[in-house]
Structure formats: structure tokens, C-alpha cells
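Next up: a single chain in C-alpha cells, the form predicted on its own.
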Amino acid sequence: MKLVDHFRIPSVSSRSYKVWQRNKDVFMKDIKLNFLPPFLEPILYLIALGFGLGKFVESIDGVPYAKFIAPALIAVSVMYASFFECSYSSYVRMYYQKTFDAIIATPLTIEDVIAGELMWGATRSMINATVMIPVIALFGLIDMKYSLLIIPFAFLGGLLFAAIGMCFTAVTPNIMSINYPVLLFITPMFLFSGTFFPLSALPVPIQYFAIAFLPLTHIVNVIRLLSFGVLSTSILFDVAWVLVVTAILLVLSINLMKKRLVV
């Protein structure tokens, strides 16, 4: 495949909704189990880090430590939900369960299948954010003024990480190889994207690297501002970065997966 083919606009139809619906139906069969992690994780992190470690950490720019990390927990959940859904889970559906082969035998195209997978990955992120917001609000750590805007933004952020996960799924030789991007890309983002401490604490070159190449940095920035009830002009840069990179990676992920499935 030539380089230009990687960025050719794919032909996706409304039938991709059927793939999203299929994944949703499977999700709903174990709805209690699936809702448990986004409900319990913020509680455990807030107790251990926000209120436990937070007693030994000074406020950050006048913000208590628990309130500082609370929105970052939502951002991290957005990243994990969609990335793992469109990497490990999509690989299982593609290779082991042969779900993709069965769907492609219907009038749906390969592009429809992958687009449906990406939309479902983004939906998982949105579900996690929707569950976590009221949990964090119970601790009094979120300003509800603009916080509901986090939910649609979680879908956008989910699309970004879903596309990243799908790109790795398209090129990885086996399911165990997905551990490499998790270790070398996802874990560093978890630690160095302004989640548990401000980016300003890092050397300037690393700050620029995080802003330029780590998507979670922008997701954290937007969700943190919205949870603080603040709408500043800086949020426009973060949203624009996410929109542009998401559009590029969505096209790339569909074309890469099409190449793999056709071959």
C-alpha cells in the first residue's frame, strides 16, 4: 500500500451502526460487571491518592490535590476504555472469534465494520465518563457548571484513543505484541500527561514533547478545566489538537485495518 493510500478517505455507510449495536448488545449482557470498574476505580484512586497521599502534598495552584487529580482520573478512564476496546477486544473479535469475517459476509463492508468498532470504543469512553462524574461529584471535587460537557468530549477523546488502538491492532503480529504500545506509549501517557502533577514540574523539552505528541495531555487539560468550571481560550488549542489528530488517525486506522483484513 502506497503512503497516499493510508490517508485515502474511506467509504463508510450508515450500516456501521449495526456493528456498534452488536457490540452494545454484548456489553449489555454483562452490564453490572461492565459498570463496576468505572464506578469503583475513582473511589479507590481518590481515597488512596487524593485523600491519602494528598495529605502530604501541598495544594497545586490553590487547588487541593484530590480535586486536582479527580478530572485526570476521568481522562485516564477515557483513554483506557477506548484503547483497550479497539486493541485487545477488537483483536479477539477479528482473529479468535472471527466476528469480522462473519459480518463482512453480510452487506456490510470492511470500512463499516471498523467504523462501527471505533464508534463503540468511543462510546465505552463516554459511558465511563458518565458513570464517573456523579461518583466524583459526591466527594465534592467537581464543579457541575460545565461538567456535563465532559460527556460529549469523552466521546471525542474516545474516538482518538480508539483510532490509536485500532492502528496498533492493524499492524501487530499477535495479541501479545499489543503489550508493547501499552508499555511504551499508554503507560508513559498515564504518568507524564499532567495527570498526577502539573506538566510545569517536568523539564521544558519534556513539556513540549507531551504537548506535541501525547494525546492524553490535551484530554486532561480540557476535562480539568471543565471540571473546575472554567472556560479559557487555552481550551480551544486542546480541542483543535484533538479534532485534527483524531480525523487523521480515524482515516489511517480504517485503511490499515482494511489492508490487513483484505490480505
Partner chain sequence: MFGFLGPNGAGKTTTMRMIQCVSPVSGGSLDVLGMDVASRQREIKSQMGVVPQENNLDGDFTVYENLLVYSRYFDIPKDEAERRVEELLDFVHLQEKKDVMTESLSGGMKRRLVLARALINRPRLLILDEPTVGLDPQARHLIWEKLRSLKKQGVTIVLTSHYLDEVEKLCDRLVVMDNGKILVEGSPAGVIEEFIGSNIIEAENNPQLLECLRERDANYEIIGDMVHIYPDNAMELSEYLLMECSLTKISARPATLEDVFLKLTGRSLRE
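Positions refer to the first chain, counted from 1. Computed from a predicted model, the values in this text were never measured in an experiment.
A second form of this protein, the form predicted in complex with the partner chain, is not displayed here; the remarks below concern that form.
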Specify the contacting stretch among 23 to 31, 36 to 44, 61 to 69, 231 to 239, defined as having any heavy atom within 4.5 Å of the partner chain in the model of the complex. 23 to 31
Look up in the model of the complex whether residue 172 has a non-hydrogen atom within 4.5 angstroms of the partner chain, and give yes or no. no
Since only the chain is shown here, I'm wondering whether residue 101 would be in contact with the partner chain in the model of the complex (any heavy atom pair within 4.5 Å). yes
For residue 130, is any heavy atom within 4.5 Å of the partner chain in the model of the complex, or not? no
Even though the partner chain is not shown here, does residue 108 get within 4.5 Å of it in the model of the complex, heavy atoms only? yes
